[in-house]
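So this first bit is one chain, no partners, the form predicted alone, shown in structure tokens.
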């Protein structure tokens, strides 16, 4: 029984296999006559739509289920819900509030569980990110990825995936928002070794890809004022992008708050690859489901 709760649940060869499947246009319809549950405790535009289309493209039936319909640990226990869904679906994919929910679902060993986003990680976004970079650069080994902003769940998964593929990692964030030692240990175990600073310009200097995400993630509304104040000065502007390699690309997982973590000029400029990233959410979901079901 294989699950994807975080990128390093995969070996490097398995990661490369999934990325190759994601780039393929002739995959076998491995989900014909089968269903895939798409469970959402948190709303999403890209994750829901990319997931539904990926299942459809593999011949399967996607079932969108709101978290309130299941009622994790309210109507039923997480474990009982996982076992129930396993009776109907080939794979259960879930976007959850707590990562522990996914761990409890996976512990039932009923069907493969896929993390569509949790408070700790976002492996599906990381797959789309590294595929986007591979499409632009080819092999990303030795390429430098500079992340400016909050080292959140997106950053953790991206750093693990890029480290597994041999990329160089940099992070610019305020001192009191640097990643934990446990996060850094996990990234290093996967092959990455992030350089951490408090200066966006130095982090971006000569970088091949510049990445950012919103400063205030979903569920952090109570911390919005503090985080916006802390990250003032960490906006990816055209001036910041000029510090990167002239051929550098800009990346963002979306949704973007133009004028906060990124300027409109950069988000919608010629170096931006944000819409290719968004499209690749579908391709990598298809590649992963093909690997799990094929």
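Please read these numbers as outputs of a predicted model, since none were measured by experiment. Positions refer to the first chain, counted from 1.
Omitted from view is the form predicted together with a small molecule, to which the following refers.
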*Thinking of 144, 202 and 206 as one candidate spot, does the small molecule come within 4.5 Å of a heavy atom in every one of them in the predicted complex?*
no
*Just one stretch in 59-67, 239-247, 43-51, 28-36 has heavy atoms within 4.5 Å of the small molecule in the predicted complex, so which one is it?*
43-51
_Is it the case that residue 255, even though its partner is missing from this view, gets within 4.5 Å of the small molecule in the predicted complex, heavy atoms only?_
yes
*Looking in the predicted complex, any heavy atom of residue 125 within 4.5 Å of the small molecule?*
yes
*Should residue 281 be counted as a contact of the small molecule in the predicted complex, where contact means heavy atoms within 4.5 Å?*
yes
*With a 4.5 Å heavy atom cut-off, would you call residue 95 a contact of the small molecule in the predicted complex?*
yes
